[in-house]
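We begin with a single chain expressed as structure tokens, specifically the form predicted on its own.
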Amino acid sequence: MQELAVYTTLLEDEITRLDFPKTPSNLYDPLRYFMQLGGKRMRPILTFLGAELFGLKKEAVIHAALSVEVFHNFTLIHDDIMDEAPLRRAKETVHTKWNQNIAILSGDVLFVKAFQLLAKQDPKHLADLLNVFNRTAQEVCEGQQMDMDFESRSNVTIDEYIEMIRLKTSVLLGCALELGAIVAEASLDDRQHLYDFGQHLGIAFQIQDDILDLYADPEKFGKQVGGDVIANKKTLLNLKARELANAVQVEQLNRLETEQDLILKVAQTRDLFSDIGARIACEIEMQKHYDFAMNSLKQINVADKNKQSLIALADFLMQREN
């Protein structure tokens, strides 16, 4: 979306100006490095759009938007440690480039910085902003813990998985939008509808990501296809397949989890998921949450023309190549 360029330009300029001390360099250099790695900056853009939906200019919520982005990057630094990930956006992760202890402390500083930025908004909005932000921060941690717990469990349910991605990913999208609405002094009902829009759009987006991880064109997707299958991750595709499979297909799924030929493993799992109907089932679940999101947006009491940017963004997010 070319329309996003004005938002990303503003954000990149503000991120460049974030005030990190020079010393101790091993604490603050990693933050300067990590914050400049880029990314879509989608969450702070949602804060801008949440404010503009109610007629407020994006500049009025710049500190809340930056707070969301800084918090998101804090979670990424810590997630990379827990996942033992060597790369982030094709660059070395902080714990790889420095070490794990430095990454933990640097991430902690970003967490504090997020609150410092949020506190720069008008004090009359601060109580509501902090209530939403604090709740979301706790929920994101809960979602990450659920995700890690799933690695050692064999009985994860579909409802548990949806709840995990809601907490780990989607609540921050809802929060980002609601922060903008709070500063714009929207009604409580409109704030809730906007939050629900972001939350369910996030769930739909994550389900789509599960599907694309296995079925996308690798030239267009931008990352390894089949990574979730190789890692035996309990994605919605995997859970739907096991829910729908017959006894013979369950045996095939179990055998494929131990397959050492990774190319064969990905190809045969992809075909088996399709035969079972897991992909179609996931697409139905994805559409359900997308429809819920759009219905929530429809209920917000503003002119339809004010909603066009959010509708366009939702369409953009859900039209990735597969």
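All values reported here derive from a predicted model rather than from experimental measurement. When you see a residue number, it is the position in the sequence shown, counting from 1.
One more form of this protein should be noted, the form predicted together with a further copy of the same chain, which is absent from this view; the next part is about it.
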item	value
Distance check, residue 135 to a further copy of the same chain in the predicted bound form, heavy atom within 4.5 Å	yes
4.5 Å heavy atom contact, residue 26 and a further copy of the same chain in the predicted bound form	yes
Any non-hydrogen atom of residue 232 within 4.5 angstroms of a further copy of the same chain in the predicted bound form	no
Residue 88: touches a further copy of the same chain in the predicted bound form, heavy atom cutoff 4.5 angstroms	no
Listed residue (225, 76, 211, 102) with a non-hydrogen atom within 4.5 angstroms of a further copy of the same chain in the predicted bound form	102
Answer option from 245, 162, 109, 156, heavy atom within 4.5 Å of a further copy of the same chain in the predicted bound form	109
Candidate stretches 197-205, 77-85, 169-177, 182-190 - the one whose heavy atoms come within 4.5 Å of a further copy of the same chain in the predicted bound form	77-85
Neighbours of a further copy of the same chain in the predicted bound form among 108-142 [non-hydrogen atom within 4.5 angstroms]	108, 109, 111, 112, 115, 116, 119, 123, 126, 127, 130, 134, 135, 137, 138, 141, 142
